[in-house]
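Okay, so we've got the same protein chain twice, two forms, each given alone as structure tokens, structure 1 and structure 2.
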Structure 1
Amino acid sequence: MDAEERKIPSHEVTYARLRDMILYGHLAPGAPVTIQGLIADLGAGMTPVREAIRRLTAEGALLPQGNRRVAVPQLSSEMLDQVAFARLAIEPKLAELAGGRLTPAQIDRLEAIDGKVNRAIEAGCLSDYLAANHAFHFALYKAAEAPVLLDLARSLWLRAGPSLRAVIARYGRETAPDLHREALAAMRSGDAKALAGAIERDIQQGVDHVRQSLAESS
């Protein structure tokens, strides 16, 4: 294929950009945004933006608000219980599968990504933290070579990520969950079970912060 044939379709680029805006905290849960505003922010046409909204609505990451507006849904305690159950079942398994496949070069890359996580926390940059934290987890999960579980994990992060953004924005950077050093140590030692345990605790810590925030808000 030539370069033009390899070009990613514009609707896929628009979908990926809007998905990242949700994942990385650019759209606050419960705050409606207009479709015209998204068109301007994304630098895309009406058709690809509407298609991206349609897909993300089907994935549970956006809710139509009427009057040409959409919003990232606010996570209820009941929905949090379901998301937490699924994440704690799927993501530690991905980590365990990845643990037996990681190469030294992949571990080095994960350590470099974790450095970005730490720098974002120190700088108090919420969007950079969320982006780097997502990159760390999914660089690990991709190494599992388990595409069905990977797709499920991606869908769950679209539902869980925005609420973590709200928690950190409310309580400060000390709430940012990060047990990555434990995970990296388990990778270096080749202990897949320990790696799964570190990821499980990392997820649980984030879930606990979100649950606390929901309880205080109610």
Structure 2
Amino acid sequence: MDAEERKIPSHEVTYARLRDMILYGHLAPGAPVTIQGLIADLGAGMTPVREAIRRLTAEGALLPQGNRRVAVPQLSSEMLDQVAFARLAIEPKLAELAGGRLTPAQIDRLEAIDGKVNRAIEAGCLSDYLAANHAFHFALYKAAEAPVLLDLARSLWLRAGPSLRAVIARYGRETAPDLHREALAAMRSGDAKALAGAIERDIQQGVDHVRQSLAESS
């Protein structure tokens, strides 16, 4: 397994690891992210860590504090509104574009991923759920072949990531309508518009969850 990693630069690996920590809510909002701390935790050199932090700062996943430190941002209500607006503007479009290009094999793959999502919900494993949900959305979005919009979506998910941690408390989302299933049905029938609509409602649902969690914790 070392033979593969040897080809990937260390700063890419470090970036991916830090990104996933943020994306899956392993870092608390407001927690300081220090270079030295990551060197110790990830066992990486200084330069790779610096670059990972810079990249994620540029993507909005980390917030520079006035002094020259960075921290995990705490999403305020206003920022959540902005993220929600942008996600609702970008991601349904990605879904619509993807809708016209999906092959049956890709739909099968998405259905398999959605199975993982449901299993994670049943097992009550939030970490798995967040990873599988992310995989589902981005496997779909990647099919749109729209790299610019894909990058924007990635940035927006990163901004929302740390706050998903707050959802841990109110983790009873099985009652909500399963919009992934609706999306899959739209894919099978080749209805790109319906697919976009399902994704739009899925996003809205997720944002409402986070908004309620933030309201409760404040």
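Model, not experiment: these values are computed from the prediction. For clarity, a rigid core is taken as the largest C-alpha set superposing within 1.5 Å between two forms. Along the sequence of structure 1, residues get numbers from 1 upward.
By the stated condition, namely the form predicted in complex with the DNA, the second structure is the one that fits. Comparing the forms between the two structures, the C-alpha position of residue 71 differs by 2 angstroms or more, with the core used for superposition.
Once the two forms are overlaid on the core, residue 42 shows a Cα shift of 2.7 Å between the two structures.
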